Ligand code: AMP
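Given as structure tokens, the chain that follows is alone and in the form predicted on its own.
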């Protein structure tokens, strides 16, 4: 398995009703910083998107936000990251996010999050990539989605790979381990951070 150095995180532009969602986004951010995993995400500064981006940036981690120009007028973009890429379209945004990432993970979110994860699942089903796909199943949020996938397979509208290709965990450390994001030795992490350019 390829080492995980760059993770695309899909998540909501809202924080949701339960505080556990934002707390989980922050905990994921902390673990990514600790493992020197770059955050690639949709560039928003609100909702869970803003929460994880701010937390990674505050921890000294690398944040790459990719946002279509029209969305900057709808969703307040996050300007505190390492790099912001403005695209002409949603399609261009998705392609760049794909190109810059080793794996894809979905936190709780709405139909935009589903759209992004479904597209990566579809590309994998069609043999366009073999990058890992994951759901962080916070508070059972993704249970109905997993039921739908099982339903699709049961009715023979897809093979079992659409379910088997998904890494599903509620524990952040276990999920990142399964994606190949094993923690580097402490000395190595310290040297890597010391060599990073100051902002």
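The shown structure was predicted, so the numbers you read here are calculated from the model rather than taken from an experiment. Positions refer to the first chain, counted from 1.
Not pictured, yet referred to below: the form predicted together with this ligand.
Using a 4.5 angstroms limit between non-hydrogen atoms, residue 112 touches this ligand in the predicted bound form. At a distance threshold of 4.5 angstroms between non-hydrogen atoms, residue 124 is out of contact with this ligand in the predicted bound form. Remark: residue 75 counts among the residues lining this ligand in the predicted bound form, judged by a heavy atom distance of 4.5 Å or less. Of the heavy atoms in residue 25, none are within 4.5 Å of this ligand in the predicted bound form. In the predicted bound form, this ligand lies within 4.5 angstroms of at least one heavy atom of each of the following residues of 11-37: 11, 12, 13, 14, in sequence order.
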